[in-house]
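The chain below stands alone and is given as structure tokens, in the form predicted alone.
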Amino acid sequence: MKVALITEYDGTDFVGFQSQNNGRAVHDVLTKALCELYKTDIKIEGCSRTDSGVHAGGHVSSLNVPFYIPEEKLPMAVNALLPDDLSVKKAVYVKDDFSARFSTLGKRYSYSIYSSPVRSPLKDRYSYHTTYKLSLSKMKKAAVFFSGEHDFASFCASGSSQKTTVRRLFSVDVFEKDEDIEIVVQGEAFLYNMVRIIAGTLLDVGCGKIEPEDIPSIIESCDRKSAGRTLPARGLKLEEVYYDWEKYKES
């Protein structure tokens, strides 16, 4: 039988989801706990690698299990074996053809920025700090231009092995709460560091370094140098991964 696990983690002390030779990976920590729980070798497939330092509120993994534990009890059973910075939020038994990686319909990411004359140690772990007073109205105006299908080569970091840089974004929105600004990006799939570069570009718009009307030409240029900086990983969070759960859920 197969189960999907929706997990949440603080990415600060992880090198990402995927196993790495240079540090602690979510994949390895979760796999170790599952192997201990089921008393056998468990292999898991993740929906996304996530970079070092990136957080997740709705990362999904799929795995075959040797015996049944009720969906409502499985998260508690796994969490008893996990460290404080990783937790299983929900378990769903799925059909054998479900794949955490290949059955996705899209993902939703958020990037948090806080604007303040002084930095906040309480926010620094999950947000990017800027001393600039940001123009929310300009950032909102610029965000609209990212929606739709485009060649996002200008928003892809070097080192990517993707066959094409064309991607379709459902929406890009900018919200404000107190001193915090949250950029929410929804799309089918993403390029390497794409959301962090979009966030960096919108930050430059908010600072007045880039005008909202410049976004279409930046996209069309397919030139990484024309877009904004790549913001640090700590402000990025994988919020949700979309699936047709009714299609794959085991009855």
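Residue positions are given as counts along the sequence shown, with the first one as 1. Quick caveat: nothing in here was measured; it's all calculated off a predicted structure.
If you look for the form predicted together with a further copy of the same chain, you will not find it shown, but the lines that follow are about it.
No residue of the trio 106, 148 and 188 has any heavy atom within 4.5 Å of a further copy of the same chain in the model of the complex. Using a 4.5 angstroms limit between non-hydrogen atoms, residue 17 is distant from a further copy of the same chain in the model of the complex. Residue contact check for residue 157: none of its heavy atoms lie within 4.5 Å of a further copy of the same chain in the model of the complex. None of the heavy atoms of residue 128 is located within 4.5 Å of a further copy of the same chain in the model of the complex. In the model of the complex, a further copy of the same chain sits beyond 4.5 Å of every heavy atom of residue 240. Contact with a further copy of the same chain in the model of the complex, judged by any heavy atom within 4.5 Å, is made by just one of 171, 137, 162, 120: 120.
Of the residues 194, 205, 56, 34, just one reaches a further copy of the same chain in the model of the complex with a heavy atom at 4.5 Å or closer; this is 56. Contact with a further copy of the same chain, judged by heavy atoms within 4.5 Å in the model of the complex, is confined among 162-170, 95-103, 139-147, 110-118 to 110-118. Of all the residues from 82-117, those having a non-hydrogen atom no more than 4.5 Å from a further copy of the same chain in the model of the complex are 82, 83, 84, 85, 86, 87, 88, 89, 117.
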